[in-house]
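The chain below stands alone, shown as structure tokens; this is the form predicted alone.
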Amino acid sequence: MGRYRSHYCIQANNNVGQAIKVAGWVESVRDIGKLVFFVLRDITGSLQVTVKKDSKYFDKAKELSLGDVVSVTGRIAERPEKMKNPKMKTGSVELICEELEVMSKSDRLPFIPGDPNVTEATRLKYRYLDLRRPEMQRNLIFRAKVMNAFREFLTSKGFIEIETPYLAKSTPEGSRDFLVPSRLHPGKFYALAQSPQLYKQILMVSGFDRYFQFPRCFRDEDLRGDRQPEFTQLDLEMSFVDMDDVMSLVEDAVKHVFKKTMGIEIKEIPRLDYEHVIEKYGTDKPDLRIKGLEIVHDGSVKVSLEGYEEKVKDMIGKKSFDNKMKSIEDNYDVKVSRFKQSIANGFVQIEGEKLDSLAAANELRRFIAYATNSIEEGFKVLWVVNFPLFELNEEGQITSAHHPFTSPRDEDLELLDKEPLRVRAKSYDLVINGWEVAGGSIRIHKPEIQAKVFKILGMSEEEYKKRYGFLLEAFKYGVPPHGGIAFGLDRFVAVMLGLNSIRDVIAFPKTKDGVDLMTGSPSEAPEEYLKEFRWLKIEKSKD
């Protein structure tokens, strides 16, 4: 295999009695006088190395410390029965050292990778050490397998992988753009692309028919556990399709990925109406693994506790329960009945504005189900369809529920002029275990409908031509009916692995404040760079 190794650690199991050479990092060292044991780790796992006292490398082995990079040549032997370690994949064998080369010494580690008491901030500051954890390596290897499985499926279906620009025109899509000043064009900016949306639609005009890529997307927005300022999508677009064409293909893709990477068969993927899931589950991202705890409407919103009464009674008065109820009340401006008498009657009543009450009911259902271990195993995948095309923002203005290029349903076209808030969209969200993992739509391809949508959104002709003129210009030359979808790849992988944060499936993530603790970014730019941008008014940070 090369100068430094002939085998990976995991291959030791198949080479008992054979001479091999392995390389990696020292994970632990034990000196028991006549023997030195140390555990060597590489990307495949760990292997115990034994150095005997009569070895000329014995003293060198005694001086090893955690994090040292070494190469070891020796012979694989069966461990004595009482020395076998079932927790290691190679726990039944060991490498008897014949040669030891120390290629790199390590300073004292600031923490031991895998120590559960280490804060996330420390792990992110020393991300290169945190990435040595088997769990993190498993996550990133699995992520790569998911991407390869998607790529395999899509290319087999005639999709062409095409890259689109990161430096783009600022065309706000609901989030703030990251702006990049142009040195060659003073006073002008690029925007880091929030998504490839407009480029992929233009690719359909260009006749490519089936496109996909794994783009990096950039959004300057407030962060949560499932958001990052830069993230990865699986983006695809198809020509001459309707909703069913896109959704059926995506269903097959998801089934292929689960089967290929986890050996799991996803059978049924139901399609549920938006209004139905809001009324029944209180959310457009329902977790179908939760059984019971149904939402009841009888003048107010209630959560039925049938089968949960005793469990919830035991929770009342406990700090975690009371804190959660207070949090729900504060977040949704509602009042949650949490007295034993209410529980005895078999429900929890939520008082407040209906949509807020429904959202609070969903959070309450999830909290009770998780707190009482009442979540089914496995994956529940579903579509939510028939979303509104428009919604009202906090200022009462009409905005796009998805984006302004989403097509209205044909049967609702006549409502555009009279009752736009009743218009339903040709859009679809893919939900797994209560998380939206993908969203897409059929796009508007008729100029008169697109102009009408822009007008409803409060844009003048001058404004929308300034923003999207290049797209509208392309549409003059023959645009096919088209549609697509974008997966949040980081979130999709996290859901598959049962993780709560996408930071655990990203090699070098930012914190919740958008900071890279390892590199110290964002940081001030060097003065010599700023001289190129004298036209910018830059205020120095006060930090």
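Keep in mind it's a predicted model, so treat the numbers as computed, not measured. A residue's number is simply how far along the shown sequence it sits, counting from 1.
If you look for the form predicted together with a small molecule, you will not find it shown, but the lines that follow are about it.
Of the candidate stretches 154-162, 409-417, 432-440, 85-93, only 432-440 contains residues with a heavy atom within 4.5 Å of the small molecule in the model of the complex. Taking a 4.5 Å heavy atom cutoff to the small molecule in the model of the complex, the contact residue among 424, 219, 132, 366 is 219. The partner is absent here, but in the model of the complex a heavy atom of 195, alone among 283, 195, 349, 232, sits within 4.5 Å of the small molecule. Of the heavy atoms in residue 484, some are within 4.5 Å of the small molecule in the model of the complex. In the model of the complex, the small molecule lies within 4.5 Å of some heavy atom of residue 403. In the model of the complex, the small molecule sits beyond 4.5 Å of every heavy atom of residue 338.
Interface residue remark: residue 200 is counted as part of the site for the small molecule in the model of the complex, having a heavy atom within 4.5 Å.
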